[in-house]
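Below, in structure tokens: the form predicted on its own, a single chain.
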Amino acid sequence: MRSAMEHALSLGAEYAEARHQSDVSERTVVKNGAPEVSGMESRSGFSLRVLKGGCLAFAAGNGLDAAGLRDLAAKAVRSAEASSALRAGIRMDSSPVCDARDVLAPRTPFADVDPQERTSLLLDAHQRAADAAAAAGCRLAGAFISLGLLTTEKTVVNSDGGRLFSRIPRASLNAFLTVFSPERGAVQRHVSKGSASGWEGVRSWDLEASMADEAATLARVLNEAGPFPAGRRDLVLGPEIIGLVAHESAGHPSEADRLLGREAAQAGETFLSEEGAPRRVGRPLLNVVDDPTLPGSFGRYLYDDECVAARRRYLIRGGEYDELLHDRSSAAAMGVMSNGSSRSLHYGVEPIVRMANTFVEPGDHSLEELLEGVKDGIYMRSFMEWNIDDRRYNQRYVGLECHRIADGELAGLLRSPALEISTPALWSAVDAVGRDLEFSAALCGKGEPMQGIPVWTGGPPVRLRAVAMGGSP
């Protein structure tokens, strides 16, 4: 691998970076109470990224010997040379690079857990969900539960002296539940969990109780939620929704490659300008951060794929957009230093600017205190659907479990209230932030080809004042 990097330099590359990555994944699936075909996948290979003539080029392959790696390096250099006639000016910043190891040792390795135990866990979770729906007079009409176990091992070296070896296990769960009532119809819910851990992370989710709670809540929504008229209301958003808001309308707009135009045709643009305008979008109590170093988090890493140390990044600080997410090339283009935001999904795709764990930083209010300040409003705890434009400016969230707030108390469930609002209007309406931080897992899609990278989204409950809410359909 190092010889391939050195060969690229001998051919005139100004910078070269080589990576070997292997991913071993296992998946266990239960569909409608029956085990589906489960499987294992192993993927490994090499990639090279070179900079020559102000252009970056990427090449990747697997099953390569030393000669094949040299050929790969030559191909990457030729690609950079060919591209220089079209666009040049890319360079790498002078960020310090690491010589480090990042090995996360699981307490219970995935290999120590029998496949039958995994299947039995999902079957039990399905049964508990079905029983909970039945106890409420409904039926679990559909349930897809998928458990994924992934171990990623990579070695990265670059011509600036960086060297990184990492091995990180990750567990993930995706569940799609549909609860049906003959009188009231059907309602659906997607649940996602994830952690950087061994099997102990799966145990911590308590899947049987969690799936039962989810099905019972869906049944309550079906049986009890009533209509309400549209109007301007105070609104308390739960951690699930404010985490999604933080990811979509603070994280994505703050990706520097969007601002520089790289992502425009792939994942969209940003409403922010190079100077960060509009900078102030909220009160001084508002902070949104992205932090790859959170222990056990789904988006955890200590060093990025350019061997730059990871750290907490303040996307919104004191109510103002503050720091963009950078890799070394975007940092150089904007005259700053990389903040360790370069990530790739597997060996066959290049590292690009990515989020990790994006969330609203906790304040000092309990949920009860947030509700006490509302005379007539809505507590939107979870969502059933959402969308946002490709500049991350206009967005819409349709609530699932939503409660009316009357004189500071929860006063019954509401059917499908909708929040449709711009990013500055949403953040500027926040007047109080809770203290109880919660996270959800997700795979954030970006790039071409698409890279679904592990992330956490989260926050505490937050209160918004006088926002326009769409009424029940």
Partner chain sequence: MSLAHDVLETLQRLDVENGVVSAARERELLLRFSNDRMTVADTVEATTLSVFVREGGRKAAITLGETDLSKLEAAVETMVAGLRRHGGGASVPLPKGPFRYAAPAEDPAVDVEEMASMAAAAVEAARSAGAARSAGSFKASVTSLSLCSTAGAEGEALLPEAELSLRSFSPDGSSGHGLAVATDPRRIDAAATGREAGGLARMSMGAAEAKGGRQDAVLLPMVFADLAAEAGSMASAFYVDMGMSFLKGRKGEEVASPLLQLSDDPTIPGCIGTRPFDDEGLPTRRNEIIADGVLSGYLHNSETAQARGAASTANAGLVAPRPFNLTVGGGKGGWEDLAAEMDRGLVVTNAWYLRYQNHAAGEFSVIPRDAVFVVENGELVGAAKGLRISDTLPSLLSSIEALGGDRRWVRWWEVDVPTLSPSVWVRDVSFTRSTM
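Positions refer to the first chain, counted from 1. Keep in mind that what you see is a predicted model, and the values were worked out from it rather than measured.
Just so you know, the form predicted in complex with its partner chain exists too; it's not on screen, but the next bit is about it.
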Check whether Arg392 has any heavy atom within 4.5 Å of a heavy atom of its partner chain in the model of the complex, and answer yes or no. yes
Does any part of Lys446 reach within 4.5 Å of its partner chain in the model of the complex? Heavy atoms only, please. yes
Gly161: heavy atom within 4.5 Å of its partner chain in the model of the complex? no
Indicate whether Glu41 is a 4.5 Å heavy atom neighbour of its partner chain in the model of the complex. yes
Answer with one of Ala88, Met334, Ala100, Ala209: the residue that has a non-hydrogen atom within 4.5 Å of its partner chain in the model of the complex. Ala88
The listed residue (Ala264, Ala230, Leu285, Ala134) that reaches within 4.5 Å of its partner chain in the model of the complex by any heavy atom is Ala264
Counting only non-hydrogen atoms, which stretch in 152-160, 198-206, 359-367, 76-84 is within 4.5 Å of its partner chain in the model of the complex? 76-84
Enumerate the residues of 186-208 that have a non-hydrogen atom within 4.5 Å of its partner chain in the model of the complex, in sequence order, or give none. Ala186, Val187, Gln188, His190
